[in-house]
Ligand SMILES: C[S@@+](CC[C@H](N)C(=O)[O-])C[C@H]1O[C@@H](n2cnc3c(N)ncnc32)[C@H](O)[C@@H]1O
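Okay, here we've got a single chain as structure tokens, the form predicted alone, with questions on binding and movement later.
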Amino acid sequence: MSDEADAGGSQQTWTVLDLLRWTAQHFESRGIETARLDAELLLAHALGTSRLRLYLDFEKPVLEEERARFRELVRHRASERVPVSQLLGEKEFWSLNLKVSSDVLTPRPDSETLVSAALDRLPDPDGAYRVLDIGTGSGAIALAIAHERPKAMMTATDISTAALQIAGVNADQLQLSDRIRFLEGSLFEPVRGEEFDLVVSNPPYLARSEAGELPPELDHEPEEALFGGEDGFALLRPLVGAVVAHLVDGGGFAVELSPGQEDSVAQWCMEAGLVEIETLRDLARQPRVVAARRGARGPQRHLED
């Protein structure tokens, strides 16, 4: 049977359960690992309801106009491998609902490790911390920190005007706009001369030389948010090299990276004069974040010098 018929075509009465079963099998046949979850999210979106409601309405017939909307979503997901988040226009991260599009990197569960590392270095829940998020994208990291530290003042930068616009919308929706400023520019350029209690970043760290091995969904995300040059270090190295000059004494630093990069980044942290350097693992037990602190004020060494 054809995709069009089985994804809610007109040859029979289709119930919610019928559509979920067929679509999950269809996604599995296309190599989509989260087949059932994707089917549920897309069907709930097409029906204008919640995933929980789907389970309560398993036997409910689905109208033709609803099936037509669902078929289009299934086609984009299965044939074009468009990420579910882009089809829905939103993604949950740190229990916050964020607007996303093809202009920003979709927030991933791995990046919650970076948020945890940041909060550990901002131990006072009522601290009036100054925090810098470099390469903010959708604003996910900065907004999660702001949500957990209600007196922190956030600065979030990005080279993409479109990304900053989306981050601004997310800040407005979460009612956090009064505590976050968005600046356009690369690395520390927008904050020359400023110091912070914490600097965090989820920079582009994938190696372009490995692009052919990556999931097809990444073709729909902005290249400048994914790739850090041929080896993945094009932004990581200058980021680590310059961070000391932008930290107060005892200020924290945490950066997300790809497994296999942690030893190099930790070494650069040490050479830059950072202390208490540690590698943190994500839920899959993969090295995901290198964190450190600035020690007592002393000579500043820059790796790029």
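All of these numbers come straight from a predicted model, not from anything done at the bench. Throughout, we count residues from 1 along the sequence that is shown.
Another form, the form predicted together with the ligand, is not on view; read the next lines as being about it.
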### Query
Any chance Gly137 has a heavy atom within 4.5 Å of the ligand in the predicted bound form?
yes
### Query
Taking 4.5 angstroms as the cut-off for heavy atoms, does Ser102 touch the ligand in the predicted bound form?
no
### Query
Do Asp231 and the ligand share at least one heavy atom pair within 4.5 Å in the predicted bound form?
no
### Query
Taking heavy atoms only, is Ser111 within 4.5 angstroms of the ligand in the predicted bound form?
yes
### Message
By the heavy atom within 4.5 Å rule, which residue out of Asn97, Ser209, Ser186, Ser177 makes contact with the ligand in the predicted bound form?
### Response
Ser186
### Task
Would you mind picking out the stretch of 168-176, 200-208, 71-79, 120-128 that comes within 4.5 angstroms of the ligand in the predicted bound form, counting non-hydrogen atoms?
200-208
### Task
Would you give me the residues of 224-244 that have any heavy atom within 4.5 Å of the ligand in the predicted bound form, in order from first to last?
Glu224, Ala225, Leu235
